[in-house]
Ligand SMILES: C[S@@+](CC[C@H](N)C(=O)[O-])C[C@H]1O[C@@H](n2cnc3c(N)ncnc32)[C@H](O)[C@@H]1O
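Before any questions on binding or motion, here is one chain by itself as structure tokens, the form predicted alone.
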């Protein structure tokens, strides 16, 4: 399986398709065992279906649901790999004893990490539960671990935080106490213990906030990825959620794979990755249930030919010379021709038959007119003339040509359309106007959400300032001058449309 890839689908089926011992590090933050409606965060069909599957039984069913996925994760981990499983109090004991100890073995248990945080709590009959548990297991005793990039720099703030974690008053230590603490630290700083009190939860107005309620802070994932992998290693997150794992892995020059059953999770993560793209960022791909017709129809011809022949189960021709004008062959050597076009005509059939005769003569010594299938032609659609000629060849010459539409090989859909209106503009201060925009997307699959880039730069690409807008209404404060605003709409298939508008703001708002 290729890396640097976001995949929409059931992680169990995708994990089963992955090769043995191909992953260096796995972090998973699976849905907690709480059976609450708030677990349905995105609300799209994939997530709701997963929620219902998970809760068709009680605790035993939940553990069985998670067990078979962790079992596959163990298989794909390299011997030097490790897994960090993030859970809360609802099922943590069951997860450790009934899943991790059984699959990874007691001897490969490394740490129970307690991530502590603070948040308002209105409880009167117990202590507020303000921590999560992260279980750390190795695939074997040769698991990789490095403290080089996770040490906490020594300073007064660190000492104060450490004292608070130990139950002291929180005051900065002085004199002999400070010196004793220094002596326990090396020159580069302190290795975190197995209780982490220095990484706060994401605040409601935090810069990292993307609108995902259970989003984990980047500092948390940075510590995990930095200690358990090297640059170039492959990091897997099978419950990608808000995309923190792959965003951090990408920034730390790791390769990665992210999986989620929610269209919105995958597409919001894609926007998040796009927003942090740099000149030297590695490319990544997104695998959806359906492919956008326009993207396939107008992409590079040779790239499309190679890809669609492979999707069809054949071997693409990479030579482009001495190939009789053909684009590939099936495992039984039957030739394949690809036309990246619609409504192909009879002339394509005539040319293909001539090329296939030469090809078949070259591999079989002579042409046989009673072959089961003489060849395949792949195209987006076929005209009446082509269809009639194929029928004539089969009836009169016993030559069987199969016409294969692209959408019979891979599911294809039309991307959503989008329109934008300026619904209101108000001058709020000198040379500044607040402008209200309304976006309206249309798709047969249904619209999921909108993303907004109020400072769009075509060279840099779409960098969403607003990632998850369900209503298509936003307001932005713009100074006098020229502005370019881009809006992206995502439908229930994960396909997207983009509209770019240019504005001139100067006393009035004029759409250019």
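Residue numbers count along the first chain shown, from 1. Everything numeric in this text was worked out from a predicted model, so none of it was measured.
Unshown form predicted in complex with the ligand; subsequent notes refer to it.
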Original post:
Taking the partner as it appears in the model of the complex, which of 378-386, 254-262, 292-300, 134-142 has residues with heavy atoms within 4.5 Å of the ligand?
Top reply: 254-262
Original post:
Might residue 10 be said to contact the ligand in the model of the complex, defining contact as any heavy atom within 4.5 Å?
Top reply: yes
Original post:
residue 109 near the ligand in the model of the complex, any heavy atom under 4.5 Å?
Top reply: no
Original post:
Would residue 65 count as a contact of the ligand in the model of the complex, using a 4.5 angstroms cut-off between non-hydrogen atoms?
Top reply: yes
**OP:** May I ask you to check whether residue 215 falls inside a 4.5 Å heavy atom distance of the ligand in the model of the complex?
**Re:** yes
Subject >> Any residue of 6-32 that, in the model of the complex, places a heavy atom within 4.5 Å of the ligand >> reply: 9, 10, 11, 27, 29, 30, 31
